[in-house]
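The data below hold one chain only, encoded as structure tokens and taken in the form predicted on its own.
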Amino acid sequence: MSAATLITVAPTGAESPPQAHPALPVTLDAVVATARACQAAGAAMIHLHVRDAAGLPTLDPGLLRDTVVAVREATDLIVQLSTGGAVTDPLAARLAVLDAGPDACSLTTGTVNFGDDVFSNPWPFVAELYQRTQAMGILPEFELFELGHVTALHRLLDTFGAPAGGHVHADFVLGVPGGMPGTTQALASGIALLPAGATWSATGIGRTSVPVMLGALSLGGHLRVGMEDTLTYAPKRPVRDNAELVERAARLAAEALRPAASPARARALLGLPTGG
């Protein structure tokens, strides 16, 4: 069990429209301000989606590069880009996300029903994306929505070898309609199947965010929180902003005697070069 807790913030996502919450950061300035506030609150990594001028999700290469550069200049956070995008994004555009030069990226290892939609991750795409991360020195965070995705993670490692940097890090995403339920039992089942030496975090969607966070801390894992995953802090109580969610995660991690890791400590945990 790590003596510190890596807290990742996912501030925006690709699902919620700008009008869903006044604090949802959809402009570059708002993302940078959010990144600063979340680092101060205890985050060490930021998981980024970007939006266009109308506030709609986009994989525009220029906007992705600008966002990576701006967040790096303003903070010490590990910059992780989403290669999932929106469920409607073409696979080629999702592969091209890596050209923006993040420290890390999300890498979902299989297809999953996502509410009424299908989040498509066919094996040839997953394999190509993984090999590109290896060639470019980008750390993949394996996003696992169900237990079959853990099996696919092992297939990647067995077929293509270790990730860039040599360390395996995964994130269990629970509570998505179509994936694993947001319970400690489901989380424990997934953890038991991970490769030896892997680290992991957990994300609870919507009303599962707090139960999953508590379960992850009880099992020795790390945390992902943010307005990508929930717009409420408690029933009938909208969240103030992303920093409030990070503050709660850091407070609970401290109570579990595993305080929030600094970005430098998180880099060492994940095998990333110091200073990005």
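It should be emphasised that the depicted structure is a prediction, and the values quoted were computed from it without experimental measurement. Don't overthink the numbering: it's just position in the shown sequence, from 1.
Below, we turn to the form predicted in complex with a small molecule, even though it does not appear here.
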For this session: May I ask you to check whether Ala14 falls inside a 4.5 Å heavy atom distance of the small molecule in the model of the complex?
Result: yes
Exercise. For Tyr130, is any heavy atom within 4.5 Å of the small molecule in the model of the complex, or not?
Worked result: no
Problem set entry | Phe119 within 4.5 Å of the small molecule in the model of the complex, heavy atoms | yes
Exercise. Does Thr203 reach the small molecule in the model of the complex, with heavy atoms at most 4.5 Å apart?
Worked result: no
For this session: Just give me the single entry in Val87, Leu95, Leu147, Leu194 that has a non-hydrogen atom within 4.5 angstroms of the small molecule in the model of the complex.
Result: Val87
Seminar exercise, completed: Assert contact_stretch over 195-203, 76-84, 153-161, 178-186 against the small molecule in the model of the complex, heavy atom within 4.5 Å, equals 76-84
